[in-house]
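Here's a solo chain for you in structure tokens, the form predicted alone.
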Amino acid sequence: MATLRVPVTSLDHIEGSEDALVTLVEYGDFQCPHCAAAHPVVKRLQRHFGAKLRFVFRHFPLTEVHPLAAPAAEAAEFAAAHKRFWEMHDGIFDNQDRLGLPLLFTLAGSLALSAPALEQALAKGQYKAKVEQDFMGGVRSGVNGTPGFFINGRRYDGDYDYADMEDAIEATARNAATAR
């Protein structure tokens, strides 16, 4: 079974406590329809598990098939630089059917971020290195498609439907609680 080769650090985009029993890491692509389908599942899992679950999102844009994934990831990093990563993340997935530069600029504006500054950042590739760093971490961890999930450092190869992921996270939480 593949394991997460790049540990979670403060440089990651994290929702939830460091003390959570379970850490769910997703390598995702903002243009991937499977990632968009998994997005509400992850949100539901977060609500269900509460403080037991920490969620980490890392970029894994499959640019050969999803040409808008990289600029979307860079726009999310632009938002992160202004402490608005999760709002941009959710906005992109919630509006994936309209994904394009106009949507990214609209989302930036709705978050009180400068659309011209985002446009400049995209033109300069200001956040490209961070996105590539995430991608390469995924490659080293054996990610070969999106969404790629890891539960407490072990790749989750099951379906990303709610019931299967809930079962996997619950089992991991029980094991983690026993080990503490």
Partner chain sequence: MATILAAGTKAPDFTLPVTPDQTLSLTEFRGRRVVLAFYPADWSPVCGDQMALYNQVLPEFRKLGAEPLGISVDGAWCHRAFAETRNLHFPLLADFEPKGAVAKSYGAYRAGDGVAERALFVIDEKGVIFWSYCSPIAVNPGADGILDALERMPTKGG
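Keep in mind the model is a prediction, meaning the values are calculated, not measured. Positions refer to the first chain, counted from 1.
Keep in mind the form predicted together with its partner chain is missing from the figure; the text below concerns it.
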Only one of 49-57, 108-116, 65-73, 121-129 gets a heavy atom within 4.5 Å of its partner chain in the predicted bound form; which is it?
65-73
Closest heavy atom of Asp161 to its partner chain in the predicted bound form, within 4.5 Å or not?
no
Using the partner position in the predicted bound form, report whether Thr146 sits within 4.5 Å of its partner chain, counting heavy atoms only.
yes
Report yes if any heavy atom of Ala38 sits within 4.5 Å of a heavy atom of its partner chain in the predicted bound form; otherwise report no.
no
Answer yes if any heavy atom of Gly142 is within 4.5 Å of a heavy atom of its partner chain in the predicted bound form; otherwise answer no.
yes
Residues of 19-37 having any heavy atom within 4.5 Å of its partner chain in the predicted bound form, listed in sequence order:
Cys32, Pro33, His34
